[in-house]
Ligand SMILES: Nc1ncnc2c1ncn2[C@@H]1O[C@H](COP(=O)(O)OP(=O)(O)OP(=O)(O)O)[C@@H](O)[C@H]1O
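One chain is shown next in structure tokens, namely the form predicted on its own.
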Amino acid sequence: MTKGKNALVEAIEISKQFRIGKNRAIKAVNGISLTIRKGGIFGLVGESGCGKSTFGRLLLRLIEPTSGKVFFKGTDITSLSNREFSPIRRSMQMVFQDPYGSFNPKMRIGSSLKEVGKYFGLSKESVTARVSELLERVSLSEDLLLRSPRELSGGQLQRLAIARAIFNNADFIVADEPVSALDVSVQAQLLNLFCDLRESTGLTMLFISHDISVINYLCDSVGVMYLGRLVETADTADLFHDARHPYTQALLASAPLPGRKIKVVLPGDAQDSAETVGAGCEFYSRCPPRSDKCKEEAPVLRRVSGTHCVACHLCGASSGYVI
């Protein structure tokens, strides 16, 4: 995959294995190539345990890849030393799933945010002004600065986590399930906040979620992940209108989306597939229209139209699994 003209972040055949004992390894991320356009919100969706969070951490180099490369603004950050990468890291931030685990419980919110300002080398006056500006941007009052994290709601803490992530005008944010632990009404408020930030600052984001309806609301483009691999990528409207991979179709059928009444029940679970796949498609044991080729040969992600790519031997066949 060549580097795109408007790409901010690119992963090239990125993989991550975790060793289990002496003779076994789990392929959490398995050869993913992906481009995230500047100013876009790319949604990554899939079941729990498919490697979404690991992939997000690889893009930020919070963990090191087993193989492959990550480019940020055209620079291969995987080849840089920690000292060389340090200035770049300030432009890449993360919002974690658990808002209560994102703040030091022994520090008041104001002190936590001021520590961020010190890290970026801002003066005391600049930090105070920036904190006030950010609180207004995320619709929070300054009296929260005197409180400890345990005195705030999950929604308030997640807004503060977002404010902290954009403290130094970060160019790229990985948001890892940032609304999954919150009430539906609070989720909507935070999703609208992400939209406002994109419009006002040009923020680029990888938004990770297991909820495909959230992806549909927020993201410009989407990648569907299964057992460490991307099985389908497309512009969001295209994917929701014309999903090609059987797994994507099952996700859409299970989501509370308007006009979708068909229920698809997949046999087994992702762990079963991981144990039985061998050299073939990871989805083989759960796929209704599977063929012998699927068991013997892993499909590669190939373009089927425009920006729409699918990793499926049966995609486009008359016997394909179409909802």
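Source: prediction; values computed, not measured. One-based numbering along the sequence shown.
The same protein also has a form predicted in complex with this ligand, omitted here; what follows describes it.
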Whether Q156, I162 and Q189 jointly form a contact site for this ligand in the predicted complex is the question; each needs a heavy atom within 4.5 Å. no
Interface stretch in the predicted complex with this ligand - options 287-295, 65-73, 52-60, 32-40, non-hydrogen atom within 4.5 Å: 52-60
Closest heavy atom of I26 to this ligand in the predicted complex, within 4.5 Å or not? yes
Does any heavy atom of E177 come within 4.5 Å of a heavy atom of this ligand in the predicted complex? yes
Applying a 4.5 angstroms cut-off on non-hydrogen atoms, the residues of 17-48 near this ligand in the predicted complex are F18, I20, I26, A28, E47, S48
